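The chain below stands alone and is given as structure tokens, in the form predicted on its own.
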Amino acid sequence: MVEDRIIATYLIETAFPLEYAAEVMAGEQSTGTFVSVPGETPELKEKHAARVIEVKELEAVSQPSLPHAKIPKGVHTPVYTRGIVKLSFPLQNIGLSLPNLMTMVAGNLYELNEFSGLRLLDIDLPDSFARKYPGPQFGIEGTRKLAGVYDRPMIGTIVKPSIGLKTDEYGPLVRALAEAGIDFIKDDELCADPPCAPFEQRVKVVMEEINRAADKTGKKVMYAFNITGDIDELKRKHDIVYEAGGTCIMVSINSVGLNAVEYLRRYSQLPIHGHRNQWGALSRYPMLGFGFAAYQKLCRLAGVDHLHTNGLNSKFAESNDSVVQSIKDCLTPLFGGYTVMPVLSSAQWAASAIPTYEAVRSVDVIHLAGGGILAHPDGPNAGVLSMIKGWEAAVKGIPLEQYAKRHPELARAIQKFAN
């Protein structure tokens, strides 16, 4: 990686020649505009212009993916060509700035009418960004140390119902889960500081139960409290959790913005559980928005320690191939480190471990199961144990039904959830 350049990779669709469209992108996001202007000297362009370094043609389609796309003059039956474009941006245009990085590699590109499709797939950054942004503080290793869980996935769940529980209703639920031996519990993203369960009161009730269980068992459950809110609330809520003995905080990344996450990272003494809700708006349409490879790098720069990826065969509109690649992206070192723990969730149960491990060959994940634990016919204790046994079967390469013959909690999970 050239130290003074930023490389961004895009998928585009256009009725214009790909090379021309790529030059339009480079000009719009650096020195150019729709006409030459005074001061746009060759010397300035040499120093500050973005460069097109690769154009690779893919397939062509007869209909545009997005509306209001411009077509070349004189063309009555346009063909829309897709391609991969790589642009190289001078670092000196923005300096080491995460918000201005976003402006440069995304910015107005999505609005250019030469394009009927445009998606940021990936981004490669100079190592100097790692000197400015320290990235995840705890990552996989630090999270495992705090939770005391090694050599297997961290098994977790989400408080359900998502919203509406009163403060005193959290105690029995957390008590049952802690006594069941669960590793991790998180607030739902919908529950931050509602009148029915005010944040400070909720932290007090939850931590009383977690600490009481830890005194009995020696194991302290990691609970990710949702501190999402205005910027001036982030530190106050972080401090409430930390002073209560909590070991994790959660923030909705897209709600507060990457710079607010980075602001939180600067003083946080706890792992930051990054929830990506609203991700579908950025990614669901394949010819628009962001690819996860780019997104997760930006989140790591901001400093999240855990990042949601969805799980296999989930309720969300994402292919298994995409989920697998997202998990692998999180597990791929950035800047020689910057580890981030993938968080798998949505319609998960014990059997989900089998295809997950076969695809990623790693146990460095937080595997969340809501109904897969709480709705187990023999209660949450059996639900937690069924998840652990599902992963044991996966790692050992033993078919789930065969392993279930010696583990009744797994057999009961199969009876409940397999159909």
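Just so we're clear, the structure is a prediction, and the values are computed from it rather than from any experiment. A residue's number is simply how far along the shown sequence it sits, counting from 1.
This protein has a second form, the form predicted together with another copy of the chain, left out of what is shown; the following refers to that one.
Novice: Name the residue from 99, 172, 198, 245 that puts a heavy atom within 4.5 Å of another copy of the chain in the predicted complex.
Specialist: Selected residue: 99.
Novice: State the residue from 229, 126, 148, 78 whose non-hydrogen atoms include one within 4.5 Å of another copy of the chain in the predicted complex.
Specialist: Contact residue from the list: 229.
Novice: I need the one stretch from 332-340, 214-222, 269-277, 139-147 whose residues put non-hydrogen atoms within 4.5 angstroms of another copy of the chain in the predicted complex.
Specialist: It is the stretch 269-277.
Novice: Counting heavy atoms only and using a 4.5 Å cut-off, do 106, 190 and 258 all touch another copy of the chain in the predicted complex?
Specialist: Judged in the predicted complex, 106, 190 and 258 all sit within 4.5 Å of another copy of the chain.
Novice: With the partner left out here, check for me: in the predicted complex, does some heavy atom of residue 325 sit within 4.5 Å of another copy of the chain?
Specialist: No, residue 325 stays farther than 4.5 Å from another copy of the chain in the predicted complex.
Novice: If you check in the predicted complex, is residue 194 within 4.5 Å of another copy of the chain, heavy atoms only?
Specialist: Within the cut-off, so yes.
Novice: Determine whether any heavy atom of residue 157 comes within 4.5 Å of a heavy atom of another copy of the chain in the predicted complex, and answer yes or no.
Specialist: So residue 157 does not count as contacting another copy of the chain.
Novice: Find out whether any non-hydrogen atom of residue 131 is located within 4.5 angstroms of another copy of the chain in the predicted complex, and reply yes or no.
Specialist: Residue 131: no contact with another copy of the chain in the predicted complex.
Novice: Pull the contact list for 261-288: residues with a heavy atom within 4.5 Å of another copy of the chain in the predicted complex, in sequence order.
Specialist: Those in contact are 262, 263, 275, 276, 277, 278, 279, 280, 281, 282, 284, 285, 286, 288.
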